[in-house]
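One chain comes next, on its own, written out as structure tokens in the form predicted on its own.
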């Protein structure tokens, strides 16, 4: 591994950014005619109206730091506000002595340019947001590099908080995790807003899981409900390695999440989890691919959406099995719980199999709260709104149990409970249609 402190990394980085800016300008804005955007609202075509995020004021900095409370022990963490590094706790000396690198990208560019040149956005985007990937590459200057050497196991999770503030500001967070053979690590990204102004967030996570390694990753976005976001997950899993990811969507006017898991080594395993809670006129657009490229690989996807008022969720997932991937074992499930007659869920699970020796299945369900379960609670004197809440929260538990990290799950449960409290107070009206855009104004306005 090389180390550099001269200007070469900065020059290489700037050249890549200029090339990405040219790609962004050349690529068309995706629309509903694109199969990868089927059923989704049109992306914001007025990207030029967003400005690179300006620095936070002192009061905003203090607010962001005070609210970046993991509520669980960590091995290290970072807090960013409008892409400024507000706080950084490095991995402890014992991990550093074992070769663990946990650094902001700005530091890693100078110290470890080889890792970034080799791995930064090294996996192509193929699920429809190529233009947004180019926008991210052209503007990204902040984020985290985590490198875990072979056979090093980090028992406590590492975290990063990414805050967005100001009117029509844009941020481009990035997380790059490289787990070498036999290593183990858990990482959590939290994306949140200060205030209620419109904004844009285009984030990317690169997970590179070496042979026999184990990586557990959480990406939880709770932007304010006027932010438009696009989050791209690129996951590569090597021989006998395992990756477990959870994408949790709570905020945003519209949030698109793409997760592409590539199982490249014999015996690789990928568990892809999703949990979204929407109200008002929020839209969550989820696109996934389980890409089996080697023999005896396993993947299992479970995405759950809870939708109230006029919220909408789109799920489009594909299990793809290559000719050279016999004995693939793959599953894909999307389940949607509608708390309102006007909520909407569109599911498009799919299979593309080029090998006979496989076991693959997919399915999707959409429904409302079980009337028998609701009757059971009402008969015991529980008010209707509380009964709905309890049953909806119960719907999330399968995903959290599968994620299996109790301290992080406790934090997520608190955020989900807060989202339900906000939904209980929510009124649907003209402001929702303005935030969501005319493409999402599907139903007459009414108070809930």
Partner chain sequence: MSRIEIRNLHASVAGREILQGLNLVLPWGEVHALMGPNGSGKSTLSKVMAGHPDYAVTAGEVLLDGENILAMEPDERARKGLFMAFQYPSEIPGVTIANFIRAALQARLPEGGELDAVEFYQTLYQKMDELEMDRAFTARAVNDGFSGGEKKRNEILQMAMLNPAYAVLDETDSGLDIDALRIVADGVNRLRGPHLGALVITHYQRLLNYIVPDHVHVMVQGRIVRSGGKELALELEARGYDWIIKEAGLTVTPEPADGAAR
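Numbering follows the first chain given and starts at 1. This structure is a prediction, so every number in the text was calculated from the model and none was measured.
This next part talks about the form predicted together with its partner chain, which is not shown.
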Do residue 65 and its partner chain come within 4.5 Å of each other in the predicted bound form, heavy atoms counted?
no
Can you work out whether residue 415 and its partner chain are in contact in the predicted bound form, taking contact to mean some heavy atom pair no more than 4.5 Å apart?
no
Do residue 399 and its partner chain come within 4.5 Å of each other in the predicted bound form, heavy atoms counted?
no
Would residue 373 count as a contact of its partner chain in the predicted bound form, using a 4.5 angstroms cut-off between non-hydrogen atoms?
yes
Looking at 48-56, 415-423, 23-31, 383-391, which stretch has residues with any non-hydrogen atom within 4.5 Å of its partner chain in the predicted bound form?
383-391
Interface residue in the predicted bound form among 156, 211, 378, 115, criterion: non-hydrogen atom within 4.5 angstroms of its partner chain
378
